[in-house]
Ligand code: HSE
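Just the one chain here, laid out as structure tokens, in the form predicted alone.
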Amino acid sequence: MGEKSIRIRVPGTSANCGPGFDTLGVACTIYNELELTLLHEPRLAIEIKGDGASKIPQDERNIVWRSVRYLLEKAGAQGEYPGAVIRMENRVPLSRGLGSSATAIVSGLKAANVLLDNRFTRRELLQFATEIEGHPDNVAPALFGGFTVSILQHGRTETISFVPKLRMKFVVAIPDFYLSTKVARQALPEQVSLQDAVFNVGRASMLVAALLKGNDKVLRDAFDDALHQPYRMSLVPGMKEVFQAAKKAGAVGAALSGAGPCLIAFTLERDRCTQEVGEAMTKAFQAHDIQAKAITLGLDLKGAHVLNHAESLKK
């Protein structure tokens, strides 16, 4: 058999959405692309373009290759394909809280699975991705698109993907420093009060209900969090002020994107306030001597998918 190649596009993601710690996620219209060729010889060649290219390993440690190997081993095909040519084109900022590691994991799993004639279902890919990543809140929207709600049940991940009735735009302020997920998790307490737990259960439930019903009035009170953001404020200077600035400029809510340091503001498309919100967020960061840029993203509905020839030409 000859060599097989495939090209995959995977959206960046924002996890937690405020109160939905390790549970809620959303797929955004910023993408990483992967071209994977499986080889019958033990040779690994990795080419990386775009964001963070110089910081990503180009050897056996590469997370895309590790994910490809993971799937090949699950399929019992690691002996048939001991090597690969990997070409990555990255637009999702590295280590900023927009799911860069999840896009890498999902792209590797998805590409290898397609080249094995879709041996595994998307639900099975979700299990694999969660096992590699450690939690499902980023890998789920990267795979399925839309907003996702995920839980771990008896060692298995269950996910529901949905499209809100409200048309939304996301304004992401990207500060000019990195923050590792490990450091952000170390800032969290092992226990929280019953009052804080109830606060978050209510907000997370209200957030999902408001999105599904299209109720923007209650949505404005649904992004607050007591479980993780208060403990991570010191890691992102100006976080509270950036949130306040975003809402004052017209956003319905704002949150730490994943483990940060990106901050994401949620806006209603009809309000057409993305430019004002972006300017307000970067200005609030500047007041704390942090340079940041703002980008506006939409809701990705496809999740990870194979790029057809027409889409490749659009690049």
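Given the structure is predicted, the values throughout are model-derived calculations rather than measurements. Throughout, we count residues from 1 along the sequence that is shown.
Keep in mind that the form predicted in complex with ligand HSE is not shown, yet the notes after this line are about it.
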item: Contact label in the predicted complex: Thr103 to ligand HSE, heavy atom within 4.5 Å; value: no
item: Contact flag, His135 vs ligand HSE in the predicted complex, heavy atom cut 4.5 Å; value: yes
item: 4.5 Å heavy atom contact, Arg203 to ligand HSE in the predicted complex; value: no
item: Any non-hydrogen atom of Val10 within 4.5 angstroms of ligand HSE in the predicted complex; value: no
item: In the predicted complex, the residue from Lys240, Lys213, Arg185, Arg122 that sits within 4.5 Å of ligand HSE by heavy atoms; value: Arg185
item: Stretch in contact, per heavy atom within 4.5 angstroms of ligand HSE in the predicted complex, of 85 to 93, 167 to 175, 109 to 117, 137 to 145; value: 137 to 145
item: Neighbours of ligand HSE in the predicted complex among 14 to 45 [non-hydrogen atom within 4.5 angstroms]; value: Ala15, Asn16, Phe21, Asp22
